[in-house]
Ligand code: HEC
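Okay, here we've got a single chain as structure tokens, the form predicted alone, with questions on binding and movement later.
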């Protein structure tokens, strides 16, 4: 039942974004300075959607959902606007009728949006390989920053050809903005100095027990053994030691969305316990 509700919310999220995005393009796309207005509002809409996704779903799911959201809009642009507009223009030309330029204008606008969505979609859809991004407390801000950097770098490639033909100045500034932003994120997300030296050289079950009772047992105990995993006894914990290490220490996927507030020092305790051979004493 919970999974079904999550699936429904995700579907509603995708549909709601498309309708909001399409409404912005329909109402303002052909107005004075329409491209600038639409671009600014779509940027705001993507930021709002990214923040909302990380509040409604676990970090990894939220990043993938934002990628799917943009990819859905790209596909819908092609299906509902770009191809139909092209077919209408070709049909008018063949029939000798006047060609309404609105179809080309709309198609171009949506194609431009698809161009700038490309790199953000690529990162978002591959983000499950980079747990340090979606497990961060400000994961929504990281997602927005990386997508913005991708769009800036995409702008560099879009304008590079025009520069070679003498139509515009060299677009190096856009690439610089994207690279500087990514470098800033690297500095921000660099691992904190290890505090593991303050922990016991060997961590046993006795040291982990208070952490497990506070952070894990509510979902992996006698009352509720999520995915048939119990961690409320030393024997059960040892039986699932490899999985616990992967989920808690390596991938930082558990607790889901870090709902119980597991700290980095506590994750270090799990790591030392596993590296010591998963003792049960």
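Positions refer to the first chain, counted from 1. No experiment lies behind these values; they were computed from the predicted model shown. The term rigid core refers to the maximal set of C-alpha atoms that superpose within 1.5 Å between the two forms.
Only in words, not in the display: the form predicted in complex with heme C, which the text now covers.
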{"property": "Contact test in the predicted bound form: residue 26 vs heme C, heavy atoms, 4.5 Å", "result": "no"}
{"property": "Residue 243 within 4.5 Å of heme C in the predicted bound form, heavy atoms", "result": "yes"}
{"property": "Interface membership of residue 216, heme C in the predicted bound form, 4.5 Å heavy atom rule", "result": "yes"}
{"property": "Heavy atom of residue 229 within 4.5 Å of heme C in the predicted bound form", "result": "yes"}
{"property": "Which of 45-53, 219-227, 64-72, 30-38 sits within 4.5 Å of heme C in the predicted bound form, heavy atom basis", "result": "219-227"}
{"property": "Core fit, then residue 238 C-alpha moves 2 Å or more between this form and the one not shown", "result": "yes"}
{"property": "Rigid core superposed: residue 219 CA moves 2 Å or more between this form and the one not shown", "result": "yes"}
{"property": "C-alpha of residue 160 off by 2 Å or more between this form and the one not shown on rigid core", "result": "no"}
